[in-house]
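Given as structure tokens, the chain that follows is alone and in the form predicted on its own.
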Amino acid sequence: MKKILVLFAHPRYEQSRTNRTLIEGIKGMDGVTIHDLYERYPDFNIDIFIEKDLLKHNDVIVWHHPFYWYSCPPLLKQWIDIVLEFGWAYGPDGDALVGKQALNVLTAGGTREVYCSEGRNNYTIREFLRPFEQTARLCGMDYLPPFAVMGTHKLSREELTTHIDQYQELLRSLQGDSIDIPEGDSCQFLNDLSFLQNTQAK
């Protein structure tokens, strides 16, 4: 069974109904480590050795964060900047992450309709996530489409519960290496895969 590291970054966790519920929903899952960056590093003084050790002992890296200004909160960006060092994560002899899987799990207040060429944000979520994708590829990781919870401000309790169940099922499938993702850009979100679409709120 693959081990999963959820790198969670939210500077206002207590005020986020959606992220708080998602994280509570996956707590206690076997083989899943939830690493809350803002709780661990409130002073932004990241311990690179601890972070590298966590990466070393996990097979799937999840960047879980709210979609802040078309990217991630600053502490996660700093984590990427200083933990993924040249000569360790990429470059000559930088093969520590080769073969691992990486993906974004994100929440956004806007709906899918506003993230497209015709919408007010002009670009898709996948296009905004290109820096994450290239970062993963530079490090030799297999980058997967994102799992995105959109329109968070208007989610009903039932819809949020369905997202929790889908998140759990996604992590279990990643652990079992049983996800079949279509080639190319036909899969914009992991949420759209049929086995997750068939997941209903308990």
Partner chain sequence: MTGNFLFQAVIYLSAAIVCVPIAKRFGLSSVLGYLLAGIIIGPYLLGFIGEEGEDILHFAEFGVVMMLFLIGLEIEPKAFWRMKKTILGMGGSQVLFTVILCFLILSLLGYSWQSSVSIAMALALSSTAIVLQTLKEKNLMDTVYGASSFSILLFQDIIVIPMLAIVPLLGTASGSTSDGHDSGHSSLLDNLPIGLQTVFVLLSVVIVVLAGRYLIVPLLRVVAGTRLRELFSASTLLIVIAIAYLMELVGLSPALGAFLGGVVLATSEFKHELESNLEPFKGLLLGLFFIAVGASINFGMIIDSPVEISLMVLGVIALKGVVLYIVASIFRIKMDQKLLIAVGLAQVGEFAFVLLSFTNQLGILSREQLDLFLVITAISMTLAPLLAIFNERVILPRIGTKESEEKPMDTIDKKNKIILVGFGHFGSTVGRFLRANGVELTILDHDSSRVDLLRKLGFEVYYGDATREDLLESAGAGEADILISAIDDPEATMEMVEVLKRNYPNLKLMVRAKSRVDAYELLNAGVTNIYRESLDTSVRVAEDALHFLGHRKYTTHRQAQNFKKYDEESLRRLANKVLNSDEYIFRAREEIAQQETLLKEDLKRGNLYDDDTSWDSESMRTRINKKE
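Numbering follows the first chain given and starts at 1. Just so you know, these numbers come straight off a predicted model, no measurement behind them.
Beyond the structure shown, there is the form predicted in complex with its partner chain, which is absent from this document and is the topic of what follows.
K.L.:
So which of 147-155, 45-53, 62-70, 173-181 is the stretch with heavy atoms within 4.5 Å of its partner chain in the predicted bound form?
P.N.:
Looking at the other structure, the answer is 45-53.
K.L.:
Does Asp81 reach its partner chain in the predicted bound form, with heavy atoms at most 4.5 Å apart?
P.N.:
Result yes; Asp81 sits at the interface with its partner chain in the predicted bound form.
K.L.:
Residue-level contact is defined here as any heavy atom of the residue lying within 4.5 Å of its partner chain in the predicted bound form; does His57 satisfy this criterion?
P.N.:
His57 lies outside the contact set for its partner chain.
K.L.:
Going by a heavy atom distance of 4.5 Å, is Thr21 a contact of its partner chain in the predicted bound form?
P.N.:
Output for Thr21 is yes: heavy atoms within 4.5 Å of its partner chain.
K.L.:
In the predicted bound form, does Asp93 have a heavy atom within 4.5 Å of its partner chain?
P.N.:
Looking in the predicted bound form, residue contacts with its partner chain include Asp93, since a heavy atom lies within 4.5 Å.
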